[in-house]
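The data below hold one chain only, encoded as structure tokens and taken in the form predicted alone.
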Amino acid sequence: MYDGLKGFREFYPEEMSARRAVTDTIEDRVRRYGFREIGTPALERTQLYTDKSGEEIVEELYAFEDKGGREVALTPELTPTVARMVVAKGGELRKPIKWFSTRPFWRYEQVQQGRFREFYQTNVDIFGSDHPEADAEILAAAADVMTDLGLTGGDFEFRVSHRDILGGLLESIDSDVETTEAIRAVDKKEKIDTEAYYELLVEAGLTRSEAESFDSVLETDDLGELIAFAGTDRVEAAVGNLRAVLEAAESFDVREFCTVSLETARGLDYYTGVVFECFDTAGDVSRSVFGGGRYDDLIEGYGGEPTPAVGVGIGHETLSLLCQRAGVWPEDAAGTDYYVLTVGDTRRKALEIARELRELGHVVESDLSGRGFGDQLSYADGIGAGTVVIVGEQDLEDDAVTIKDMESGEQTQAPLSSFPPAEGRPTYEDFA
């Protein structure tokens, strides 16, 4: 008996059917916005991540030396990969570039609610536009995904902020502050107690009184107070950009889902502008459902021309928790429309009928194990077949088949001249 690895899961047909329905919903929605699907590799050079996040990131990766002596890692996220792809094509790509991809990723980290070592995510990105409408379209596509899944504004909210607001506020403080560390502390605020949060800010260079004053201004609902607190062009420009994105979100009719939350920082260092995270309003999903934001410097950092970019990574694991909590997780859709049952020497005709039904787009199964009548019927019931088509020797002598409704147990004959029809999904009621 072999046990699976911790943090890696398998999905049986019933659960996989629901997950496929969710994935299809996500992808159908983003396609309607004009995003085009790309395929990306499972392995990248480890340097792709260490150059941006430092050598310590290796501890969180499935990193190893391959047989060619290259230091490689299973991809822990998609953004560096798509940045590399944009750089590789350069000016050949028509901008704005709008891409999406659904695939697994891997991180060696502690397994907890909604977080596994192998996880699935749909990434949606726009490259080549610095207009607020690009940020708003990402918010709109993500919001439409949520409502397409059956969620409402009472189930989720997007907490929206701007990295330059936090950076500018910290820059305006008299002490010598390690801005990146302080922003990371803000990003952890919801996950730790108040004293631990203040300690992280002090470790980043703030005095205790500065930490308390900084934390207090983050709670304001008046963006104008931020400009007054900092007194810098940087914060004024960031507030102006945030307001413009929220106004654009209004035009996309998704402003109702957005709440200004200056404590939303996003942990990754490459974010440069507006950032957001999706949260369960009921609080049952203890961490952000997913998040995204603007990362205007990443393409240039990988050797390309300056290219503004914004995107979102929709994590399927936490999204499934939210859908289950809200009661909109899809039911198992892996049913069978028809089971074609053979009685006697009728297999050739039965397979012909099964093939014709499949050509009409139906899910059709037939006997693969030489079962008798009773066992075939029991199997059809076990797989949830809606209709059983009985192809018996006597039926064929009558130029007919027997149609049995599995829910009611009633059955009747249908003439072969009209079954299967040229279209539709005929059932017992059509011939009774």
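Quick note: we count residues from 1 along the sequence shown, nothing fancier. Please read these numbers as outputs of a predicted model, since none were measured by experiment.
What comes next is about the form predicted in complex with a further copy of the same chain, which does not appear here.
Between 207-215, 170-178, 134-142, 193-201, the stretch whose residues reach within 4.5 angstroms of a further copy of the same chain in the predicted bound form through a non-hydrogen atom is 134-142. In the predicted bound form, a further copy of the same chain stays beyond 4.5 Å of every heavy atom belonging to Trp329.
Within this chain, Phe229 is remote from the site of a further copy of the same chain in the predicted bound form, having no heavy atom within 4.5 Å. For the chain shown alone, Asp395 is not a contact residue for a further copy of the same chain in the predicted bound form, no non-hydrogen atom being within 4.5 angstroms. Proximity of Tyr302 to a further copy of the same chain in the predicted bound form falls within the 4.5 Å heavy atom cutoff. A single residue from the set Val260, Ala237, Ala88, Ala282 has any heavy atom within 4.5 angstroms of a further copy of the same chain in the predicted bound form; that residue is Ala88. Looking at a further copy of the same chain in the predicted bound form, residues Glu59, Glu250 and Val254 each place a heavy atom within 4.5 Å of it.
Looking at 57-72, the residues that come within 4.5 Å of a further copy of the same chain in the predicted bound form, counting any heavy atom, are Val58, Glu59, Leu61, Tyr62, Ala63, Phe64, Asp66, Lys67, Gly68, Arg70, Val72.
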